[in-house]
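Quick setup: one chain, the form predicted alone, written in structure tokens, and binding and motion questions come after.
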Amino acid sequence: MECELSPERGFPAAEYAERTRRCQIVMADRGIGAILFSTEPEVRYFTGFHTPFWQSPTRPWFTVVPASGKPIAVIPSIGGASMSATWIDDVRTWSSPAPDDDGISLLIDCIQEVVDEGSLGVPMGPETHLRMPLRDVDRLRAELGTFVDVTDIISGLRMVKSEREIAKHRYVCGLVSNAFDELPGLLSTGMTEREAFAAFRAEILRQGADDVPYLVGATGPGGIGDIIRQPSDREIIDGDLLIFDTGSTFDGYFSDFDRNFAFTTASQGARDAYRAVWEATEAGLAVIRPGATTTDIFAAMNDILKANGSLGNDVGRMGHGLGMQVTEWPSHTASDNTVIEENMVLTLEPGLLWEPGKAMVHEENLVVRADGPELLSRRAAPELPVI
């Protein structure tokens, strides 16, 4: 099945301006003079600076969102040209690496310049971190005072997607759905896990994804215990089950869903477990709407799993947010209670232990609309596929 036309890469300046405006409205309400961001998703979210160079841990990178006006980039000079090509006007650089003062003096000067009054906001809560040496954090506190936690501001902004962001998710989910559809013709008994992983990764790229930074899964005789390990040289045999779970990207936005297969034959227990997680996903889809909570979603799915004899699920959640990272806020747990809003992009990921040492997990991607969920991944077959 063909995917829709590829969406336009990047975003217009108006999109970044709107993100900044929404952030600054909340900042004004709380008396926050500036917010400091130092991680790739947040820097990219406000500036459009998109590069694989973040994989190098050598240099720190900073973006300051002031109380008014455009964000300010304080970055190593190696990134100056790329950052200057974004919508950002104020790009301040230093020659890095410089271990004795790797941009900290320049960053402090910038913050002191823009913060006439108010506190400095820094994300400090779950799923955040400061990407700089601890001694530099200590210096920031010594010269600028106590930080204010703004995790809820950035998570609230990023959880609700624009239609342009959603289009990127929809497109990469379509590409990966196509790749999953091709799997029965790519895999067979006699292959090793490593060969199967390589064939699937190559197919995702052939379909048009930019990258496959996350691909886990396993095979096992009649069932699978560890579903997130790297592939081995184990040979696939008749009766094996297979799970592939991939986070693939287009223009920096992720898909994240899995599919399960059996080779040649499948036991009734495996078929029943597959049907249970498929029906649990249906139950989750049925309750998704603006105003429901992540805990409502968890409870709906968990009820189905328990009714089907689940021996437990100690993973901690049954799905999460999706965006510029393969997992984002919120989490579907028994106690998260995040209120679902229109245009959130979410995963549903029910899983159960159906026999000791044998797990079954299913995952789909969706966007929340006013009248319920719109699936972004192509819905899995209701019965366990057999290759």
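Keep in mind the model is a prediction, meaning the values are calculated, not measured. When you see a residue number, it is the position in the sequence shown, counting from 1.
The same protein has a further form, the form predicted in complex with a further copy of the same chain, not shown here; the description that follows concerns it.
Using a 4.5 angstroms threshold between heavy atoms, Arg92 stays clear of a further copy of the same chain in the predicted bound form. Contact check for Thr51: a non-hydrogen atom falls within 4.5 Å of a further copy of the same chain in the predicted bound form. Taking the partner from elsewhere, Ala81 is found to have a heavy atom lying within 4.5 Å of a further copy of the same chain in the predicted bound form.
Residue contact check for Phe254: one or more of its heavy atoms lie within 4.5 Å of a further copy of the same chain in the predicted bound form.
Partner contacts here mean any heavy atom within 4.5 Å of a further copy of the same chain in the predicted bound form, and among 163 to 171, 278 to 286, 300 to 308, 207 to 215 they occur only in 207 to 215. Contact here is defined as any heavy atom lying within 4.5 Å of a further copy of the same chain in the predicted bound form, and by that definition each of Ser77, Glu127 and Val326 is a contact residue.
The single contact residue among Ala292, Val137, Leu186, Leu106, judged by any heavy atom lying within 4.5 Å of a further copy of the same chain in the predicted bound form, is Val137. Arg9 is the sole member of Arg9, Arg369, Arg379, Arg22 with a non-hydrogen atom within 4.5 Å of a further copy of the same chain in the predicted bound form. Taking a further copy of the same chain as it sits in the predicted bound form, the stretch 144 to 166 comes within 4.5 angstroms of it through a non-hydrogen atom at just one residue, Phe147.
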